[in-house]
Ligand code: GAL
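Below sits a lone chain in structure tokens, taken as the form predicted on its own.
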Amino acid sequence: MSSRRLAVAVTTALLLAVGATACESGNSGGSASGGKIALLLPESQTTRYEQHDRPLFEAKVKELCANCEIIYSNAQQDQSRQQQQAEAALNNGAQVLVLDPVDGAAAATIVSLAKSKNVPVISYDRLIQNAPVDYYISFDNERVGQLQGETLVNRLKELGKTSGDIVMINGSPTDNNAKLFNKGAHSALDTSGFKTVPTPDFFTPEWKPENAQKFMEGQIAQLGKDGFVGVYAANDGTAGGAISAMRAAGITPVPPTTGQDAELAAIQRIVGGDQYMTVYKAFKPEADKAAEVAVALLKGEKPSTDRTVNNGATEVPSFLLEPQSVTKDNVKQTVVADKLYTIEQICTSAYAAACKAAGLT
């Protein structure tokens, strides 16, 4: 072969190799060898997102796709900011959106924008409504509320109470999950012999503990210190706000109070006796599943599931995990056994005596 023909052959081979590489990393489908995934979380009022969801998701993506790039944003409870973050991620070449919406209804606009660019959307933890979402990964959220209600009722009956008012502090009115927690809680409370107050139900703006605390202060002023037997709080942040209000009012002991998210401060309150229970939603399997589905979509695959959830526009293929009720009696068997927290993290000096009494040593 002449030197000219050899040069042409080498050049052609190089061009074919470059073309193949470009195809592998292109926007249509991506590959296991690389790509861009946007993780858009809603807020940091709840400690789980920054302390657990984000690092767990990022670690699993890197395990599955070492060269994948994660575009991360937290909206700090601001829907317009989340819209801007989503637009920026898409403009930056995001090939999959993993979106935990500030506002499940308003986030439909983000889905429409992503779809216009052929980018699939995973609705993470909170359901995006009335939009063609590709997948939904969360927990059975009605079951969460049911667990909270059942555990609270059982505790009140253990204390010899069969009637009385339960102050109900729901989550954010813009979070569809809060409505599901509320529905599940009512399924347990409405036939229990206890009455939930106030009417209509109160939903805590932006899930902020200070908003829950202010509301609880008003309920104490209206009902009196002995005018209620328990508190249904939708998550640990609102529980903390309610407990602060009760403590400030001199209510001792604090009536049984629910929570959710298994925050460290809540586990400590449970051990110390201020909060009765929380709902533990194991963050790792949820974040891992979101990462697995995101990488699969990046590769052009469509993971199969036998469950769907109707979001008002379509039946969304869904992966729904099972929540667990946590009280003082099973802290060691749940959050400690799963290595969410160590006994040393829980049992600081302020809780040493309570931990010893609870067998957390």
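One-based numbering along the sequence shown. All values derive from a computational prediction rather than experimental measurement.
Just so it is clear, the following notes concern the form predicted together with the ligand, a form of the same protein that is not shown.
Overlaying the ligand from its position in the predicted bound form leaves no ligand atom within 2.4 angstroms of any backbone or C-beta atom here, which marks the pocket as open.
This chain is displayed without the ligand, yet in the predicted bound form the stretch 124 to 132 from 124 to 132, 268 to 276, 189 to 197, 145 to 153 comes within 4.5 Å of it by heavy atoms. Think of it this way: in the predicted bound form, the ligand has a heavy atom of just one of Phe228, Trp207, Phe215, Tyr280 within 4.5 Å, and the residue is Trp207. Among residues of the shown chain, Ser318 is not one whose heavy atoms approach the ligand to within 4.5 Å in the predicted bound form. In the predicted bound form, the ligand sits within 4.5 Å of a heavy atom of Gln260. Of the heavy atoms in Thr46, some are within 4.5 Å of the ligand in the predicted bound form. Taking the partner from elsewhere, Asn177 is found to have a heavy atom lying within 4.5 Å of the ligand in the predicted bound form.
Of all the residues from 225 to 242, the single one having a non-hydrogen atom no more than 4.5 Å from the ligand in the predicted bound form is Asn235.
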